[in-house]
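We begin with a single chain expressed as structure tokens, specifically the form predicted on its own.
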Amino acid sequence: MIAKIAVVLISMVVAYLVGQWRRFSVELSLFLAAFLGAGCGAIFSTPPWQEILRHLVEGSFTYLDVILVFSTATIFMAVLRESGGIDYVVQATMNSLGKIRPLALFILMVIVLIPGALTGAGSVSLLVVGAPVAAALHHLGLSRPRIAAILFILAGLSAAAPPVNIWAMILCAGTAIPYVGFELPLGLPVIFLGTLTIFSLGWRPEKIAEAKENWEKMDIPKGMSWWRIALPFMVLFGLILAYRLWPFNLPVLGLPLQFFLGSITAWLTSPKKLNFFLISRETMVRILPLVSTMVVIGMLQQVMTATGVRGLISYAVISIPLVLLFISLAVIIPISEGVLTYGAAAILGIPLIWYLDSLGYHATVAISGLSLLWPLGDGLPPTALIGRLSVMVSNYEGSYWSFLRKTWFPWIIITLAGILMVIFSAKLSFLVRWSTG
């Protein structure tokens, strides 16, 4: 039986490698792996031929809830951006705090963290606020490679921050763990590591010869004010907190509907006329690759379960000595993200959490620790999505690896923090209790 499952696993790996060799997208390469794995498994009647299509279709809906949350949250941030609210916040920050360097750096960090925290994608942070924040950092005297390094690390941390963490959602869906109690286990490390990153890389100004950008030239619509920016967030977080405060008196709206209502509020309070449907359509076009990734990951996970590959990987994970497993996390997790993107959470993360949970480690805190490691892989080939976007929005034109080397210090600290959270997850379980009240 193990030999048969190994054949299926090898066929899936070969299919993925062939797809990458033919320069297919990661999504299409993963679909080829799922399809060929199902076909190869059908030879051994796991699954039977007549159920291949059913498993693929059923698997495509595995992460429908995650897709809805990500899509509506991204639309929410897109409406805020189109209304001019993002540029207004950056301009106001630099006008009022530009001469107080520590405060300016901290506020710019928070600005980068918010879009990714609300959408679960660091790429959204870069697309929404990357360019204006890069201009502000350049005015503070930072060079292009250092700006790109800051944006890369912060965008990755924003994707790991609560309330929306796609890696954690995938792991919770695959291990039957409720997606609750992540606020403090994720929020506190992200704030600490983000602050450490922007201060370690941005504290000392660099002498640069090129002209500095003037953030005052940003196109701010007439009539934009703080209340127009704050009200949509008040509606969003008010709806989220209301159900927690009065759980038996209010209906469960769910994050997708809450983000949608926040988007409508941002649209109604915009000082300029916006086409809500056009913004929504263009946003969905931009995030289509990520939505496709989530659909294909569901297919792959379903096929791996039906063919026994998932069980084989789980067995391989629990066969590794625990000390060696913890050490290898620093390499395996980022590389798996660079190759499989979110698919790494389903393929490696789920059996890993099962194993750790069986040994007495706290699953929620362990998932939080792993969630700090996966964003680092978004700077590694072949995908390197956040890394490439960081270079683009910062207008850095040098060597990609020279920019990545600038991240070595926060990279090491984040890696240590993530691994230590996994190792001491049982002792940090009080963070989950405080989050859930």
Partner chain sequence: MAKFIMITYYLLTAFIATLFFWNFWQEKKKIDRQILYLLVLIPLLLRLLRIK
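In this text, the rigid core denotes the largest set of C-alpha atoms whose superposition between the two forms falls within 1.5 Å. Predicted, not measured: the structure shown is a model, and the values here were computed from it. Numbering follows the first chain given and starts at 1.
There is another form of the same protein, the form predicted together with its partner chain; it is not shown, and what comes next is about it.
- Residue 256 belongs to the set of residues with a heavy atom inside 4.5 Å of its partner chain in the model of the complex.
- Interface membership of residue 24, defined by any non-hydrogen atom within 4.5 Å of its partner chain in the model of the complex, is confirmed.
- Of the heavy atoms in residue 280, some are within 4.5 Å of its partner chain in the model of the complex.
- Remark: residue 328 does not count among the residues lining its partner chain in the model of the complex, judged by a heavy atom distance of 4.5 Å or less.
- Note on the partner interface in the model of the complex: the residue among 296, 108, 150, 190 having a heavy atom within 4.5 angstroms of its partner chain is 296.
- For the options 196, 274, 284, 220, the one in contact with its partner chain in the model of the complex, meaning a heavy atom within 4.5 Å, is 284.
- Checking 296-304, 96-104, 130-138, 150-158 against its partner chain in the model of the complex, the stretch whose residues place heavy atoms within 4.5 Å of it is 296-304.
- With contact defined as any non-hydrogen atom lying within 4.5 angstroms of its partner chain in the model of the complex, the contacting residues in 51-79 are 57, 58, 60, 61, 64, 68, 71, 72, 75, given in sequence order.
- Residue 192 is not among the residues whose C-alpha shifts by 2 Å or more between the shown form and the other one once the rigid core is aligned; its shift stays under 2 Å.
- For residue 424, the Cα coordinates differ by under 2 angstroms between the shown form and the other one after the core has been superposed.
- Residue displacement note: residue 63 has its CA displaced by at least 2 Å between the shown form and the other one (rigid core superposed).
- Whereas the shown form places them at one spacing, the Cα atoms of residue 394 and residue 278 lie at least 3 Å closer in the model of the complex.
- Relative to the shown form, the Cα atoms of residue 128 and residue 72 move together by 3 Å or more in the model of the complex.
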